[in-house]
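Shown next as C-alpha cells: one chain only, the form predicted alone.
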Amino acid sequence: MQQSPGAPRQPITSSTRVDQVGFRPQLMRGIKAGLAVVAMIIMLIPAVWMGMTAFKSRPDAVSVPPKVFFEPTVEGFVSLLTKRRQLTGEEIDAYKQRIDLSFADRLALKRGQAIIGQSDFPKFLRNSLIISTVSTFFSVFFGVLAAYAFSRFKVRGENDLLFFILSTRMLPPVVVTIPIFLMYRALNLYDTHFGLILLYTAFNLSFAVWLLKGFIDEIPREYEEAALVDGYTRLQAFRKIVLPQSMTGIAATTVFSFIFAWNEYAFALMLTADVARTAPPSLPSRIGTGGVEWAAIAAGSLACLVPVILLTFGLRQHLLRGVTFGAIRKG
C-alpha cells in the first residue's frame, strides 16, 4: 500500500544509522585484508617453489612442464653437502652388493654416483654466519653511538657529516668492487674474514646511523635530564634510558644490516677465493656431471633462508612493539 503524501514518514532510528555507518569501515577493512592476503601469496610463490624444488629429484626439478605433485626426496641436500664421482657399470653392480651403505650413499647410487667426501658448503655457510654476525654487531654498535651523538650534541658541520655518511650508499657496491679489490690485494686483506667484516661494517654503518638517529630523536630529552638530576652519569642515562627506549630501532637496524651482509654477492665473489668464501657465491657453482644441480641450488637457498627467518622471529617482539613503544609524546 502506497503511503499518502500527507502521512508522516517513519523515523530513522539511531541503531539504523550506526549500522549504516559501521558497515563501510568493516567493508574497507575486509577489502584491505583480502588485498594483503593476495599480495602475500604472490610474494611467497618464489619461496614456496624454491622449497618444493629442494625436495625434488633431478628429473622432477628439470621436468617440463614443471611438476607440482611429486615424490619428495632429500637428494638435493645430499648433493649439496657431499662430493661425488660417477661410477662405471661394474662399480655400480659392486656397490649394490654392499650392505654397509648409508642412506645418503643409496641416494647417490640411484644416480650412478658414489660419495667421496663432504662438500665445502658447510664451511661457506659458517663463514657467512661469522662475517654477517660480527659485521652486524659492529654496525649497530657504532651506529647507536654515532646516532646518539648527532641527536643529543651540537656537532660542528652536522648536516655535512650526515650527508657524507649517506653518500657512501649512493653508489651500488659493484661499482667500487675493482678499486676495493686492488686495495685489498695490496693490504693482504683478500680472502680474509676481517676484510669482509670491515667492508660490510663500513657499508652498513651509514644506514645504521641514519635509521637509529630518527628513533633517538623521538625520545624526549627530558627523560635523560631527569636521570642526570637524580645523579646518573651521561653513560648511565644512555644505557638505562635511551637504549631501552630505542630497542625497536636497534632491532630493525639489526635485521636489515644482517640481511645485507648475509645476501651480499658482488664483494663476496670478487674479494674471496676459498678461505673466506661465503654461501651466496658458492651456490651458482653447483654444477654436476649431468648439468646444473637445481635441486641442490634450491636446497642451499633454503638453508640460507633459515638464519634470516630465525633472526627476524627472534626480534619480532621488539619490531611489533614499535607501534606503541616508540609513540612517546612530549608533555
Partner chain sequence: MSGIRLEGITKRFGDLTALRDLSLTVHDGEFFVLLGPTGAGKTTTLRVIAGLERQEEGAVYFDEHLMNEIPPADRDTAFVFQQYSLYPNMTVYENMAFPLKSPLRNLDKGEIDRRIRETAEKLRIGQLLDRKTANLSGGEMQRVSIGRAIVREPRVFLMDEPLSNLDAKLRESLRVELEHLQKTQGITTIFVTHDQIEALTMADRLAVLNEGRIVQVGTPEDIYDRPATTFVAQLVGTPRINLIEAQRRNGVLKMSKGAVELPYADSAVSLPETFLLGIRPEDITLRADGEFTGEVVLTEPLGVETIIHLKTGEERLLAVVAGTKQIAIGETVSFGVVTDHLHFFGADQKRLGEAGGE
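Positions refer to the first chain, counted from 1. Keep in mind that this is a model prediction, so the values were computed, not measured.
Another form exists, predicted together with the partner chain; not displayed. Remarks below refer to it.
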Next item on the list: Determine whether any heavy atom of Phe256 comes within 4.5 Å of a heavy atom of the partner chain in the predicted bound form, and answer yes or no.
Entry: no
Notebook entry, point to check: According to a 4.5 angstroms non-hydrogen atom cut-off, is Phe142 in contact with the partner chain in the predicted bound form?
Noted result: no
Item checked: Non-hydrogen atom contact Tyr232 with the partner chain in the predicted bound form at 4.5 angstroms -> yes
Next item on the list: Verify the contact flag for Gln245: yes if a non-hydrogen atom of it lies within 4.5 Å of a non-hydrogen atom of the partner chain in the predicted bound form, no if not.
Entry: yes
Item checked: Location of the partner chain contact in the predicted bound form, chosen stretch of 163-171, 116-124, 87-95, 222-230 [non-hydrogen atom, 4.5 Å] -> 222-230
Next item on the list: Go through Lys240, Arg185, Arg152, His193 and name the one with a heavy atom inside 4.5 Å of the partner chain in the predicted bound form.
Entry: Lys240
Item checked: Listed residue that, although the partner chain is not shown, lies within 4.5 Å of it in the predicted bound form (heavy atoms), from Thr177, Thr133, Thr73, Gln236 -> Gln236
